[in-house]
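Before any questions on binding or motion, here is one chain by itself as structure tokens, the form predicted alone.
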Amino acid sequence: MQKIRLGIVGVGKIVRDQHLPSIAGNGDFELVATASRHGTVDGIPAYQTIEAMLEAHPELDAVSLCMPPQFRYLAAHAALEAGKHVFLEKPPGATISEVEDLKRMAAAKGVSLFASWHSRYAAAVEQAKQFLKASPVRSMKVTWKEDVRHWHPGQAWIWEPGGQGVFDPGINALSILTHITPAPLHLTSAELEFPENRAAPIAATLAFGSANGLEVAAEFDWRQTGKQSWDIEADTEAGHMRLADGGAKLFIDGTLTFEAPDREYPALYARFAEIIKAGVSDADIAPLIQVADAFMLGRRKIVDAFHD
């Protein structure tokens, strides 16, 4: 079968660290071209804009969009208009309405749209989902705390409207949470901490509920130094579950029951190829809805200025 001819838009750190190795290791894809204002890939034709790339390479079958979310909608629209399958880095857009429009457009064009929630593909996530499915859940707690200076040094876009601030990593937790919980969750309250010199929050305290009485508390913080915390815990009738290290490890009553090497981005590209071949889309926006609800319901608290 002919390989899926792929173009990448936005050649930055995440592309070099994750996308390029994953594409190279997947026999379904062939990287044909890139579009980026600053980055290039050795040996691959490079263009400044997606429009120039699409014009020069009409043979492209699919496009991966890896620029900041504030700029993703118009690029996705151009790719879909040209009849290309589209891979959206997380979050899939700056707003819900953008992504809903892209979903409608993909359906009309008969191409696949993929909202790539990479943390859902962490090694132990499916095991955690099955554990929670088998035992009534009493309560859950999410702790997602990391050092923004380490993970996003000098990235101004992430502090601007649409950049989501601490929800950029926090949405990873929400992508797992909305996937593994047995019942749909809705936000009941939120407090968002905004540095006095930034337009996006640096921390958030969230509470969720469900129709069956499940309560979930979440703490997101971008000021943590030292060991980073990416944990989801659940008290159940079968014991205490902790999904640790961003979904890489599963503990039951303190005992490690499952872990495996990181394969998140290779799994994303395997899934992208799968939906292209099947002629379907996979564009769940539940995590993005939870973030939008947090901005809608959240009380704003102004805290000390943040400087890189």
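Residue numbers run from 1 along the displayed sequence. If you're wondering where the values come from, they're calculated on a predicted model, not measured in any experiment.
If you look for the form predicted together with a small molecule, you will not find it shown, but the lines that follow are about it.
- Contact check for M53: every heavy atom lies farther than 4.5 Å from the small molecule in the model of the complex.
- Looking at M67, you'd find a heavy atom of it within 4.5 angstroms of the small molecule in the model of the complex.
- Looking at V11, you'd find a heavy atom of it within 4.5 angstroms of the small molecule in the model of the complex.
- Using a 4.5 angstroms limit between non-hydrogen atoms, Q155 touches the small molecule in the model of the complex.
- Only one of 30 to 38, 235 to 243, 254 to 262, 277 to 285 lies within 4.5 Å of the small molecule in the model of the complex by heavy atoms, and it is 30 to 38.
- Contact annotation: of the candidates K90, K109, H77, R198, the single residue with a non-hydrogen atom within 4.5 angstroms of the small molecule in the model of the complex is K90.
- For the candidate set K103, K129, R223, H118, a heavy atom within 4.5 Å of the small molecule in the model of the complex is found for exactly one residue, namely H118.
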